[in-house]
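Encoded as structure tokens, the following chain is the form predicted on its own, with no partner shown.
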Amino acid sequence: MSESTPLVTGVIVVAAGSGQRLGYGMPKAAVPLGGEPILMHALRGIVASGVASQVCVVLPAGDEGLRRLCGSFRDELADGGPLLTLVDGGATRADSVRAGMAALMDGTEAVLVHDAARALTPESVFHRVTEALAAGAAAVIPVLPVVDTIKTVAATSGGDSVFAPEVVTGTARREELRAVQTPQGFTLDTLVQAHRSAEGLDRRESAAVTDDAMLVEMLGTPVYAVRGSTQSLKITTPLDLIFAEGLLEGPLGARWVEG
């Protein structure tokens, strides 16, 4: 792949999660982080990266509080900033992504799908993904090497259950494993085709699909990997929120400490 002109890019921000594991009794996107809702950190990072012609935020259906928040942020955007579009999410993450795709403006060539919960993703990660798309990749994901030893397991039965509910069946080759982050980038045609192919999946097959890149893999389309960032942690549990607060309180600020 060689360098070329950047593509007209829309960013779909998936922010429709309930946030039950955080325990705040509110959508995850609205949970405070460093004095601002998680969603605001994600949006500021996307806008600061300069990669987006449009940012499409997928919100919990009927959540007027987050809509007002996004409306205030839209008012802050300077002339020439990205178009900010708000849509209601669906019953599943895939439904929410499809709702976001349907709201993309004409002329969009590439789309990044980003979890609002990865609110501190550095600008450099957005750049690496979009640069790979501009150079000819149809699908790109940011990844990190896996540092833990990973075991495969199976449920035990009979006498084995006296010891533990699971038994180890093997050890994965760590050098071949990567932890996947967002934003995941695709040419728009590729992502549309991938989601259309998923319409024929049954409930069990759909549940096994954990990200958009898996749908593209099922098409047989190569998915390329670029370097992610340790700062792009996904805020899911109270401990994750503590880690994110620690990054924000660092001497240089979270988004610029490590790219």
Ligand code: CTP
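Treat the numbers as computed from the prediction; the structure is a model and nothing was measured. Residue numbers here begin at 1 and follow the sequence given.
Below: the form predicted in complex with this ligand, not depicted.
- Of the listed positions (Ile141, Ala117, Leu104, Ala132), a single one reaches within 4.5 angstroms of this ligand by any non-hydrogen atom in the predicted complex, namely Ala117.
- Ile150 falls outside the set of residues with a heavy atom inside 4.5 Å of this ligand in the predicted complex.
- Remark: Gly81 does not count among the residues lining this ligand in the predicted complex, judged by a heavy atom distance of 4.5 Å or less.
- This ligand is not drawn, but in the predicted complex it has a heavy atom within 4.5 Å of Ala15.
- Taking non-hydrogen atoms only, Thr156 never approaches this ligand to within 4.5 angstroms in the predicted complex.
- Shown here without its partner, the chain carries Thr9, Ser124 and Arg128, none of which come within 4.5 Å of this ligand in the predicted complex through any heavy atom.
- Of the stretches 69 to 77, 108 to 116, 185 to 193, 170 to 178, only 108 to 116 has residues with a heavy atom within 4.5 Å of this ligand in the predicted complex.
- Contact annotation for 28 to 60: a single residue, Lys28, has a non-hydrogen atom within 4.5 angstroms of this ligand in the predicted complex.
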